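First, one chain by itself: the form predicted alone, in structure tokens.
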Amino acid sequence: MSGPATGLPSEVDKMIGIPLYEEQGEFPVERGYIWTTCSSVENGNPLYWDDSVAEELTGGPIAPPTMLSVWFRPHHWAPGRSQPHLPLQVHFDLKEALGLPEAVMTSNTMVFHDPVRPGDRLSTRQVLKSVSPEKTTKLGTGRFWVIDVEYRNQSGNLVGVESYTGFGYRRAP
């Protein structure tokens, strides 16, 4: 919900539905990351370890779908970068524009499309889907917002969408 009835600043209202922060991942999908992640959670699924199984089931190696955001978590520091790179920048923009110093993520869902494969270079963009009218919860008074992060491979194919619901708020005095 947006518009004059919600009391949103115009710069926030104008963000809704517009792709923002379109960017390329800093590194390609890599099998070392896949194996390290699977090892850390003791995921022995042969789809991720055995090339013949991967070929038979998916036409070649793939990354576990749950690793979708791993390929786009920015390194906090990189050579030549003058400021830290924050993931989910729209979330921080909303906190600032709405004067809401505190925020929590209340839900996260993922929808998977094409598989992510070693060597893929992913790109993302963030889309603010909605901002609620002010609400008061046990945490304080603020607004809920929904942000979709869309992931595409180097061919432009959609590989997944993460939807985040956040609540930005001011603590009660």
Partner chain sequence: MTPPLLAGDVKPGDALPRLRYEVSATTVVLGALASRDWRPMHHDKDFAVERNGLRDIFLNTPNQAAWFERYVTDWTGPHGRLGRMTFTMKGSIFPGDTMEFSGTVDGAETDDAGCGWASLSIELAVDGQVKTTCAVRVALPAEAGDNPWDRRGDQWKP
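Computed from a predicted structure; not experimentally measured. Residue numbers count along the first chain shown, from 1.
What comes next is about the form predicted in complex with the partner chain, which is not displayed.
Visitor: Give a yes/no on whether Asp148 approaches the partner chain to within 4.5 Å in the predicted bound form, heavy atoms considered.
Guide: Heavy-atom contact with the partner chain at 4.5 Å: absent for Asp148.
Visitor: Does Val70 make contact with the partner chain in the predicted bound form, using a 4.5 Å heavy atom cut-off?
Guide: Heavy-atom contact with the partner chain at 4.5 Å: present for Val70.
Visitor: If we define contact as a non-hydrogen atom of the residue within 4.5 angstroms of the partner, is Glu26 a contact of the partner chain in the predicted bound form?
Guide: Although the partner chain is absent here, Glu26 would touch it in the predicted bound form, with heavy atoms inside 4.5 Å.
Visitor: Check Glu134 for me: does it contact the partner chain in the predicted bound form (non-hydrogen atoms, 4.5 angstroms)?
Guide: Flag for Glu134 set to no.
Visitor: For the spot marked by Leu8, Gln83 and Phe167, is every residue within 4.5 Å of the partner chain in the predicted bound form through some heavy atom?
Guide: No: none of Leu8, Gln83 and Phe167 comes within 4.5 Å of the partner chain in the predicted bound form.
Visitor: Need the contact residues for 47-68: heavy atom within 4.5 Å of the partner chain in the predicted bound form, sequence order, or none if there are none.
Guide: Read in sequence order, the residues that approach the partner chain (within 4.5 Å, in the predicted bound form) are Leu47, Tyr48, Val53, Glu56, Leu57, Thr58, Ile62, Pro64, Pro65, Thr66.
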